[in-house]
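Next up: just one chain, as structure tokens, the form predicted alone.
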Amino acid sequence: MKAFITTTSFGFIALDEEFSIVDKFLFDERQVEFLEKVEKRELTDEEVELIGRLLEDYDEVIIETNKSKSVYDALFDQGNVFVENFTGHGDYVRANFDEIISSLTDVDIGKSLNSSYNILASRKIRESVKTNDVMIVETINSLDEIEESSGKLIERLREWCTPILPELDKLHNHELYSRIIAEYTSRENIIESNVLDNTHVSLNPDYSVDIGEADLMIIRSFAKSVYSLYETRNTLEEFIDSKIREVAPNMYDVAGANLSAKLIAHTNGLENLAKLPSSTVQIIGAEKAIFRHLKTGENPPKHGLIFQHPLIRGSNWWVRGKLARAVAGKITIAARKDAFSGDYDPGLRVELEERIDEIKKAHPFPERKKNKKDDSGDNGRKKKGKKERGKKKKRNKKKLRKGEYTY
């Protein structure tokens, strides 16, 4: 005889082969506690006790669960306990859930489920905020949006101020440009302040444009908003730097703060990043190129986000793919150390730099691609020269005279 155990939100329910309830364990007041254990795929003492009771009366006990079989290793020694992901008896319980639960307990099913899962959701939200991964992900996403917005707004500010201060267009530092306009605004104030003394830009005192105080006020207000974005960006970068040093010191050494944060944000957490193979890490952020490669057969991408690594971006184009593989490998090792062991290994950066030097020395010049036709051989056929191809064309163009053809 066989017994089948199905896990529900209200407890463990055991059925026999005739779909009759033969035993049970209900969570009752400890419903939230047991639901958390079930979600974490833990084996509870109550479930083990239920299996033990069933084994006294049945030859086999079949458990429908999504837990790993290794969780039940101690029970498998008996040879009469089996684990399956799906059983017909479990499907029967789900199809008749309300009827079965109502026969076992008097609780209001909808109200109880709503209350328990609300508590679980609240706990999860609180736990997610505590983890540093979430802070890193949100901060780097905010930084990306600020950079995008400030890039557009500074262009608008420069266009606005060009008629008044055309010489400042030579100033390439956007943050300094916005600060000068925000603090001094008028031409006279900038000249008197000597703020441009350490730059290559100087204002011509003879140049003048008639502009009212009200116009200068609105420009100053806009410039202050733009400059505040740059200040916020600097604050976020400092925060990311400190967080990555704290959460992922190995990745900080290998990839730097910003790249590490972007990789963690793209994979939605350090642990998720650590589970990826290095070949995937190499092309994270190049999804469009990957799908284009799969769809059209174009060359696959050599790198994604890790192109921002200074060792790759500053290298010659013909070694970037090889460097990307080396960097991705070290990033993967660093992420696994940070996520699972927590050991700090200062040798990772040294090993990476040594490997980069080896690759660069081994490939000082671009390699010429081999001709596939030359490698494949002529397969018994000689390649026709230009002369013969020309003759063939000529022969094809020859008009047939009457009598030389038949229908």
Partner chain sequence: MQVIEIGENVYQIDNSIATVNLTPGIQVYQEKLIEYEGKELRIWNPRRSKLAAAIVKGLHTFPFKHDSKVLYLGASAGTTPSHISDICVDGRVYSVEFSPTMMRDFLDVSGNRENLFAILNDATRPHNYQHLVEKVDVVYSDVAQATQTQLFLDNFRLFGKDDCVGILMIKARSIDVTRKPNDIFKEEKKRLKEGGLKVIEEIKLDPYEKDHIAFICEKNF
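In this text, all values refer to a predicted model and were calculated from it rather than measured experimentally. Positions refer to the first chain, counted from 1. Here the rigid core means the biggest group of C-alpha atoms that line up within 1.5 Å when the two forms are laid on top of each other.
Below, we refer to the form predicted in complex with its partner chain, which is not included among the displayed structures.
Using a 4.5 Å cutoff between non-hydrogen atoms, S68 does not count as a contact of its partner chain in the predicted complex. Its partner chain is not shown here, and in the predicted complex it never comes within 4.5 Å of any heavy atom of R30. Shown alone here, D73 lies farther than 4.5 Å from its partner chain in the predicted complex, counting heavy atoms only. At a distance threshold of 4.5 angstroms between non-hydrogen atoms, V209 is out of contact with its partner chain in the predicted complex. None of S279, S128, N234, S193 but one reaches within 4.5 angstroms of its partner chain in the predicted complex through a heavy atom, and that residue is S128. Screening R94, H172, H200, R313 for any heavy atom within 4.5 Å of its partner chain in the predicted complex leaves a single hit, R94. For the marked spot (L113, A121 and F291), a heavy atom within 4.5 Å of its partner chain in the predicted complex is present in each of the three residues. Judged by heavy atoms within 4.5 Å of its partner chain in the predicted complex, the contact stretch among the candidates 183-191, 225-233, 86-94, 163-171 is 86-94. Contacts to its partner chain in the predicted complex (heavy atom within 4.5 Å) from stretch 1-30: T7, T8, S9. Once the rigid core is used as the reference frame, the Cα position of E354 differs between this form and the one not shown by less than 2 Å. For E36, the Cα coordinates differ by 2 angstroms or more between this form and the one not shown after the core has been superposed. Once the rigid core is overlaid between this form and the one not shown, T87 counts among the residues whose Cα shifts by 2 Å or more.
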